[in-house]
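As structure tokens, one chain now follows by itself in the form predicted alone.
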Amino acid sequence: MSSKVDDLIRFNRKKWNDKNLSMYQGSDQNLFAWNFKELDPDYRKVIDRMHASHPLKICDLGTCSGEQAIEMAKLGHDVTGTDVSEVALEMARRNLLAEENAVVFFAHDDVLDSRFADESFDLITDRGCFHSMHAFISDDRYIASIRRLLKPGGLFFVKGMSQDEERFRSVDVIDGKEYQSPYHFREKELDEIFGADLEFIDSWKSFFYSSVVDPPAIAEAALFRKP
């Protein structure tokens, strides 16, 4: 990795560990706008479209406190939840202890420099990871990692904040330059970003279904397949 990329990756990891640490010191629950204690309807839609006859191997990127990973595991799938924040993963593991019918492997891992083997997953889900780094991390690096980790024919589902959402607009300052985070995507922008490297399947307007925020944040969602 170049020194510049190294610095940006370290910035992103520290940012999210600090955010989680600050949040859990002030509250014993996940207060991020996209936290949802039930299974995201878009996740169920994607899983149903796969018509799997066997448990899927799923990676939930930026799993945070783990609710989505746990809910997918309760459907019988083999789920790995990854996050750059050890603090977030501690909460995810604690949440898992309260569940009797779910087995999830929670791993400290960064999609930009992942330690998982090639072609590890049938499905990779991202409902808030990519939009937090798109403004300052090379999309090529993220996309290359998704392609490497997916099995041939595997699906990638991504959800990011929509340009139609006026809330949740903050700024990261890196080397004196301002970057919007989370980034707010215009309609079909995710199609353009990923469509050259992955087979486009579908995209739609959605929400970050939330147990914290009402009304939920407007989102852009897109689904792709690894050829």
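Note that residue numbering begins at 1 and tracks the sequence as displayed. Bear in mind the structure is a predicted one, so any value in this text is a computation, not a measurement.
The following text describes the form predicted together with a small molecule, which does not appear among the structures shown.
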>> Taking the small molecule as it sits in the predicted bound form, is V79 in contact with it (heavy atom to heavy atom, 4.5 Å or less)?
In response: no
>> My question is simply whether N12 lines the interface with the small molecule in the predicted bound form - judged by any non-hydrogen atom within 4.5 Å.
In response: yes
> Does the 4.5 Å heavy atom contact test between H134 and the small molecule in the predicted bound form come out positive?
Replying inline: no
>> in the predicted bound form, is there a heavy atom of the small molecule that lies within 4.5 Å of any heavy atom of C64, even though the partner is absent here?
In response: yes
> Where, among 44-52, 191-199, 172-180, 64-72, do residues come within 4.5 Å of the small molecule in the predicted bound form by heavy atom distance?
Replying inline: 64-72
> At 4.5 angstroms, heavy atoms only, are F157, H184 and E220 all close to the small molecule in the predicted bound form?
Replying inline: no
